[in-house]
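In the structure tokens that follow, a single protein chain appears in two forms: structure 1, then structure 2.
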Structure 1
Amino acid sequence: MRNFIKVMAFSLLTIAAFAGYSNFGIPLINPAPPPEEEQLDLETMTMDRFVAIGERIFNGKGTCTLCHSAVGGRAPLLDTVATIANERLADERYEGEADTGEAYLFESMVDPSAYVVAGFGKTGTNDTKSPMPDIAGGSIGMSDAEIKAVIAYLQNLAGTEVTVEIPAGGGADASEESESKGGQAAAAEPVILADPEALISKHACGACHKVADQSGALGPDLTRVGAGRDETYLRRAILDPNADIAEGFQPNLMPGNYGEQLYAKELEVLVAYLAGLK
């Protein structure tokens, strides 16, 4: 209870300082409706369904919209990427092995540095290294079938021919299990997580940060963040990322809505964990 009061006090102060943030409460409950349960029956799978699954993965488990969205400018928009994929292959900076647009999209997700969109490379690498994580690895861990569903979605989105084939049998893991990750989907019953690494995984902090065995590169390395930052700083860094900008990084990259997604207790668990990383 004391923590709760402390956090509320902090919250009120922050509201006073940032009057624009009218919804800046801390112990808010994730308002998203529970995901609809869905059976994935590959026998009767149609391309429309496969595209729809790809869209859900894109917005959910894949955490793609964390970076590929109209706000923040963290990554290029992907509305037309399926139509320009062939141009990427012809670009002299292309270093991958794909020979079709579809293969380019696949490669972009599992080996993002094979081609780095100009201006979006990791700071200091002159657009030779991508800050995008390998989405088949780490905490995102998409299967081949899930990646293919996302490609189907991107091809459909761009209005190009959908060339991916629905995987035979191997796609069962592109099912409702995909709904529970990525920080977008809410559980039917609110669950308060007490394990910091589970929180980091749920909210995909590792997509951008090196922390808890993950190696995101869009934001600062957090593996020793507690050596130089105290809890007050860390709490603010999570709730209002633009309040202080870590040296060498740009504003507006870190999502500003974690205050709406984390319970007060979860926030404190995260802050204490990060403060302990020395």
Structure 2
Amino acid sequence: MRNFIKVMAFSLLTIAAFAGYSNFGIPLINPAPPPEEEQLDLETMTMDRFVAIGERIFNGKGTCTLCHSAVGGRAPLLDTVATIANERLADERYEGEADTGEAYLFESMVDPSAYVVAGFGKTGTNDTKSPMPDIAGGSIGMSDAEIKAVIAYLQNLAGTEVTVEIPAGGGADASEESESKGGQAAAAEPVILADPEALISKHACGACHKVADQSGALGPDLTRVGAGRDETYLRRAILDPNADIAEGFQPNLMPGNYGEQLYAKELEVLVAYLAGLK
């Protein structure tokens, strides 16, 4: 009986210590809210606001800066793309159907393989296939109005004439963002996701990785990652992607701020899912 009491006391102390560490010892992850989707009230839209919305989509929902940035060099920089669009149309490697610079920019987002900038194609395709997904579908799912807003932003960024016409209509097909009386975007109530595939979609993991139903090719194939990597490795790979670099890939390719974007529970859901891919 005495041994039983000792075992029970030890068990209770262990549980209490674990609970205390879980609640107070592990740093709290307070992620920034996901990028807000834009209210496209096209009936009263001004071009300046349309361009500003395009910039926010470019840096937010569109996940463009994930690849089109100076870090890692995974995709071409886009600060002058509007000025060289016509040059690309005249390139003998161009296989699309656009006939204007604006049309080229639109096509480059929905059919990226129509023209692949030299050195940025999928490995083994001789720059004939782009690793970039169609941003109108998949995990990004941008509407035509949102794509045109990004084009307007890119044209403005390059200092060229903004030729995009603001789409007619009330923007029923566009994503929405509620606004407060002061004109500021109302903060979305944070939602903790328990579905790993929803997390993969939300954070656009499939833009770079082959995982779930996504077919990205810029990062390691994760379809069977759990066969060779345990949860500790996977957790570290998400929170500190430069800690271990997969063979054949360069450092600084994966953003290092997922620890700020994921709730602790979401992180563990994602880690457990990836560990189970065998």
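All residue numbers here refer to structure 1's sequence, counted from 1. Heads up, when I say rigid core I mean the largest set of C-alphas that superpose within 1.5 Å between the two forms. The structure presented is a predicted model; accordingly, all values stated were derived computationally and were not measured.
Taken from the structure described as the form predicted in complex with heme C is structure 1, whereas structure 2 is drawn from elsewhere. Once both forms are fitted on their core, a CA shift of 2 Å or more is seen for Pro241 between structures 1 and 2. After superposition on the rigid core, the Cα of Arg49 moves by less than 2 Å between structures 1 and 2.
The Cα position of Val225 differs by 2 Å or more between structures 1 and 2 after fitting on the rigid core. Core superposition places the C-alpha of Gln250 4.4 Å apart between structures 1 and 2.
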